[in-house]
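Take a look at this single chain in structure tokens; it is the form predicted alone.
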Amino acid sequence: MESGKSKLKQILKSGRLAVTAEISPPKHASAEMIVQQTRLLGDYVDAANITDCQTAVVRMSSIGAGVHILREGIEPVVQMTCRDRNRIAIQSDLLGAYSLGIRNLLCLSGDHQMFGNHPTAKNVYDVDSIQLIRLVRRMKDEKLFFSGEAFNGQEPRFFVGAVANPFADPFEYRVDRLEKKINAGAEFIQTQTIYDLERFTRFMEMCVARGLHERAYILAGVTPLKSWRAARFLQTSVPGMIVPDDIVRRLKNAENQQEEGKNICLEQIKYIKEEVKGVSGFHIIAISWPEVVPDIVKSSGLYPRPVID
């Protein structure tokens, strides 16, 4: 791998399917859990997302946690939300992150603070996610701060990502919104967790028809489920998520629900690999279940991971 370049970007450019996973920083100041998860995932993923106070719950910073996993040998995809920072703080954090060796950045709006453990906190949203993508790309492409002031030194050159949710309504607008993010400069996309394969297939058909898969790498999000209760929770309590009834029933009737949850995830990956055009890789979001990721990567034929010189 060329020094200072994103390994994730180089794997995607090579045409091989990329694999990313997700690590949630702890609600305390010890990096022990992060180090353990990094060592568990190290041989099985090309990069790991570090969430930025997901669901608006205070956790170790994504940049701090990203440096911990970088030291352990996994390339981080640091998430940056617009919820908690104005444009001054965002740029300051971006400069610091890049100086510490972080090369992948995922731009997000962030969950509203009312869902977290500080519901009376003030949100910021000085810029939205699409504006953030555009401004980070301008940093890289034109060497300009958000204000238009020129850099007097090294500019951050992140591999810039964004998210897409094919399962929110109205469905027809989802591809339009994705296209806006790509027009703003997003280079890779990670989708919301996929359980409704028919809807995801239609979404990707629309993306391919517009050529969006040729302008940004699209990674399909998959989440193995540990139990039917987890499936029911996602089905009924998480906005923008579609979990078909047959998945809930299948888990509920299974003798070993965790094994069935893993099998469903493997079937989803197989279907997407064989039937859905335009997908450049998989983003495995194993909620509170990181130990299943190596098995999924191996059993789905995504192992071993490519070595980039």
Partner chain sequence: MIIAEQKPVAEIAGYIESCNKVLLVGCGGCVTVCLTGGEKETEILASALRIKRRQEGKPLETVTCVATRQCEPEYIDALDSAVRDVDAIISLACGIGPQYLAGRYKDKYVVSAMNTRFAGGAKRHGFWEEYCGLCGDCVLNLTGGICPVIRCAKSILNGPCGGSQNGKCEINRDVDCAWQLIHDRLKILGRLDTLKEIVPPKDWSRSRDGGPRKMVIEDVMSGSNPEKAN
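Source: prediction; values computed, not measured. Numbering follows the first chain given and starts at 1.
Unshown form predicted in complex with its partner chain; subsequent notes refer to it.
Self-check item: in the model of the complex, the residue from Y195, F203, F167, W228 that sits within 4.5 Å of its partner chain by heavy atoms
Solution: None of the others qualify; the residue that does is F167.
Quiz item: Of E155, D93, E72, D111, which one comes within 4.5 Å of its partner chain in the model of the complex, counting heavy atoms only?
Solution: Looking at the other structure, the residue within range turns out to be D111.
Quiz item: Which single stretch, out of 211-219, 173-181, 72-80, 97-105, brings residue heavy atoms within 4.5 Å of its partner chain in the model of the complex?
Solution: Result for this chain: 173-181.
Quiz item: in the model of the complex, do R87, Q131 and M241 all reach within 4.5 Å of its partner chain through at least one heavy atom apiece?
Solution: All of them do, each having a heavy atom within 4.5 Å of the partner.
Quiz item: Within a 4.5 Å heavy atom cut-off, is F151 in contact with its partner chain in the model of the complex?
Solution: So F151 does not count as contacting its partner chain.
Practice problem: Give a yes/no on whether N117 approaches its partner chain to within 4.5 Å in the model of the complex, heavy atoms considered. | Solution: Contact check for N117: no, nothing within 4.5 Å of its partner chain in the model of the complex.
Self-check item: Partner contact for F145 in the model of the complex: its partner chain, 4.5 angstroms, heavy atom
Solution: Result no; F145 lies far from its partner chain in the model of the complex.
Quiz prompt | Non-hydrogen atom contact V127 with its partner chain in the model of the complex at 4.5 angstroms | solution = Contact with its partner chain, yes.
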